[in-house]
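The chain below stands alone and is given in structure tokens; this is the form predicted on its own.
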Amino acid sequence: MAATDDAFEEIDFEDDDDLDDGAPERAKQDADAERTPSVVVDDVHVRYRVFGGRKRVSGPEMGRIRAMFNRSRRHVGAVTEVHAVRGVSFVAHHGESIGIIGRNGAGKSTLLRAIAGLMPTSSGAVYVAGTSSLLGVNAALVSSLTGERNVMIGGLALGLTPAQVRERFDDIVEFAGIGDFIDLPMKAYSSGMAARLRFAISTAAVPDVLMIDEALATGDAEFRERSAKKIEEIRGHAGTVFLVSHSMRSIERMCDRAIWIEQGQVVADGPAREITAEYRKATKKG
């Protein structure tokens, strides 16, 4: 489902020193458990086209163009094909938390959208076991409707029954921390409030695969801590979590595995701390 165009802050756990730094322990527990695939990405390519701009035509040609085409604008520039994802393959397992890292424009968000089924693949295939939710996309927020109505719409879109949405309504509102604003139209919300409600709705059904793009999440330290606990809850139910972030500390704290993407291709895939160390060395990024 489509998200609003609000500007969202990054989700960043760097300042939350009290959060559990137990990724290595979780990795060991996962290794000891039976591993079954939850997501299979098989040689996926994603291409899309970017069209040239438009400019207003003026001067003697304007009347002739209007007469011939009944318009005063025309496309200029060549059509550019962007090969955003290039032959990416990996298998994710139930209970894993996987960080997707890479520079801006590397193809991280495009890859998430392809996994979520929101962007068609040009070739290759994606297999997902169970339900998936791309944070901020599966919970559509309609600005003209109240938060209460958006909770109902978002819950139904996630596959919940009306009775299940009503049963979880108070928990969703409490998790989002928006109080009486739930009765006001969404257009009265700040971008932060809207994003918190979006997270609360997206995780209300405890999806089998949760994908979090840093551009779609926000919140203060308290909300980020609640979000971290929710992610652990999803993993505890054998769910799989993907986290796109530029914060290497966030990846190390929240993920046991990391996949490094550059120019649409997998550079490295392995334990989170090892891959982030390689990425820091290559990019001089802290």
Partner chain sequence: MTSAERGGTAAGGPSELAQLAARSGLKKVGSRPGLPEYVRTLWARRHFLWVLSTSRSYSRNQNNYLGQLWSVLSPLTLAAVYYLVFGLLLDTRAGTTNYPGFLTIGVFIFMAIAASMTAGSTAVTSNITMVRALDFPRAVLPLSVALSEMLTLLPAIGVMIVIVLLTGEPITVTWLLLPVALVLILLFSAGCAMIAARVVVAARDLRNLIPVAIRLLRYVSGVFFSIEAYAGRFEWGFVLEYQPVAVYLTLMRSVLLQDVAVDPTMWLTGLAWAVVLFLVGFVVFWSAEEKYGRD
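Positions refer to the first chain, counted from 1. Values in this document were obtained by computation on a predicted structure and should not be read as measured data.
Unshown form predicted together with the partner chain; subsequent notes refer to it.
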Partner-proximal stretch of 100 to 108, 171 to 179, 188 to 196, 124 to 132 relative to the partner chain in the predicted complex, 4.5 angstroms, heavy atom: 124 to 132
Ala157, heavy atom within 4.5 angstroms of the partner chain in the predicted complex: yes
4.5 angstroms heavy atom contact with the partner chain in the predicted complex for His237: no
Contact test in the predicted complex: Lys229 vs the partner chain, heavy atoms, 4.5 Å: no
Glu225: touches the partner chain in the predicted complex, heavy atom cutoff 4.5 angstroms: no
Residues Glu233, Ile261 and Pro271 all lining the partner chain in the predicted complex, heavy atom within 4.5 Å: no
Any residue of 92 to 122 that, in the predicted complex, places a heavy atom within 4.5 Å of the partner chain: Arg113, Ala114, Ile115, Gly117, Leu118, Met119, Pro120, Thr121, Ser122
